[in-house]
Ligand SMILES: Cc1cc2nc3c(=O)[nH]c(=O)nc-3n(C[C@H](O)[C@H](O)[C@H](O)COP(=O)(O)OP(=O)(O)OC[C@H]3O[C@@H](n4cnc5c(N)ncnc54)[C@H](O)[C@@H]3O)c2cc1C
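Here you get one chain, nothing else, as structure tokens; it is the form predicted alone.
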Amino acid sequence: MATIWENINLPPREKLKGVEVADCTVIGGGLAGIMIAAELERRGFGVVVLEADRVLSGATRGTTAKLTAQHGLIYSKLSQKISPMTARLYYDSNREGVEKIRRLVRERDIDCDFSDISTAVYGRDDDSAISREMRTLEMLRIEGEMIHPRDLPFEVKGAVEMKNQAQFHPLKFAGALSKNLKIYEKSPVVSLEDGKVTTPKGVVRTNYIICATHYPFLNIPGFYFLRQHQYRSYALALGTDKKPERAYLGIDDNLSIRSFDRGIIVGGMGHRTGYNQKGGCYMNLLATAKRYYPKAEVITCWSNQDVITHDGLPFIGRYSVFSPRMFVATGFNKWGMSLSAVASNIVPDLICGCENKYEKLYSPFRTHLKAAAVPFFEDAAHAVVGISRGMFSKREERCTHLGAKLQLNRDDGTLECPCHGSQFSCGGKVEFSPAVRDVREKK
């Protein structure tokens, strides 16, 4: 379904044909891939971007585009499960990510509906978690304020506000960055080797490879399919003049609310990908929105997919110890706007041999057993069940990634993998990785 961001016309790019030579090859034309490519080009590298479909046609088009360092209750969670130092570094990196996008908008004079706002997380039923987050911010010396907002259509127990955050039009922003980049569309990668990237009709010979494909499609090395899963959520764009002053996220009702030029975006009703056989997510979200905004007009609705890691931190860095010239940016845990900017600093620094103080924080080689153990076993259980069911299913019912049985998402009419989150159209075409082959495509 169309999102409110799809009101720009990006010129189509040609397919890769023949042999191309580049210093760096970025796989994936979403915000992360575009920002990494733009930064590498700024530093003097020759860059090629390969996109399987159209640029900005994946997860970036479905975002709510909150540009903030306030990611739910992340600071109390990281402080408790890993360390306060980890939480502080996470804040600093995301604050710098917000500022980088703000600076690029200003320096390049990008018309992308950028506006400075405050963001807030609220609690409706209980303010204990909100109070704990506020205490954590104070301990970490992160600027925040406990408030009781009056710009929401319902009462809340309390909220934590962060000022100097932002919201913008992600496709206008990324589209402006992509104008002068060498991009090939409709060029899915079919194989990777050291120094060589192959598409159906072409080859790129390259020194460095950056995998920015939302969810890595290469299983070995890296084993990212064992360390994260995917999560689908839903959004409504509503026409109304009752716009909140801030962008909000509820910790108990899981509602996301932000304004845009014609009204508000309300998001929520999420679930693990592959677990919506009954449907009703759009209807439930609409019923909730109409309860609070009864006169609002529905403009459009859509869903999006996010990659969730076990410890709550993305994987940004070298793809594996066995591939020192290959890099990855994935697992943004619903906060891809600021973290795409973070990745656009870390990956180029690693390629240039520069020290980056956040390299260890986001390293794919890190081990946080206390934070990751329970989610790892939960994901493993989903994988075992899904793949076992796939063994007794028809070929057209199996995911082309690892063979799990696909499930119908009744709201979107798509087929989804309950193991690792691959999504296919009702006709079997791949829409979200890690699968790279269509359901009916022969090996």
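These numbers come from a predicted model, not from an experiment. Residue positions are given as counts along the sequence shown, with the first one as 1.
Another form exists, predicted in complex with this ligand; not displayed. Remarks below refer to it.
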item: Contact segment among 367-375, 139-147, 211-219, 282-290, judged by heavy atoms lying within 4.5 Å of this ligand in the model of the complex; value: 211-219
item: Distance check, A404 to this ligand in the model of the complex, heavy atom within 4.5 Å; value: no
item: 4.5 angstroms heavy atom contact with this ligand in the model of the complex for P418; value: no
item: Contact of T273 with this ligand in the model of the complex (heavy atom, 4.5 Å); value: no
item: Partner contact for Q305 in the model of the complex: this ligand, 4.5 angstroms, heavy atom; value: yes
item: Answer option from G317, G336, P314, P348, heavy atom within 4.5 Å of this ligand in the model of the complex; value: G336
item: In the model of the complex, residues of 59-93 near this ligand [heavy atom within 4.5 Å]; value: A59, T60, G62, T63, T64, A65, K66
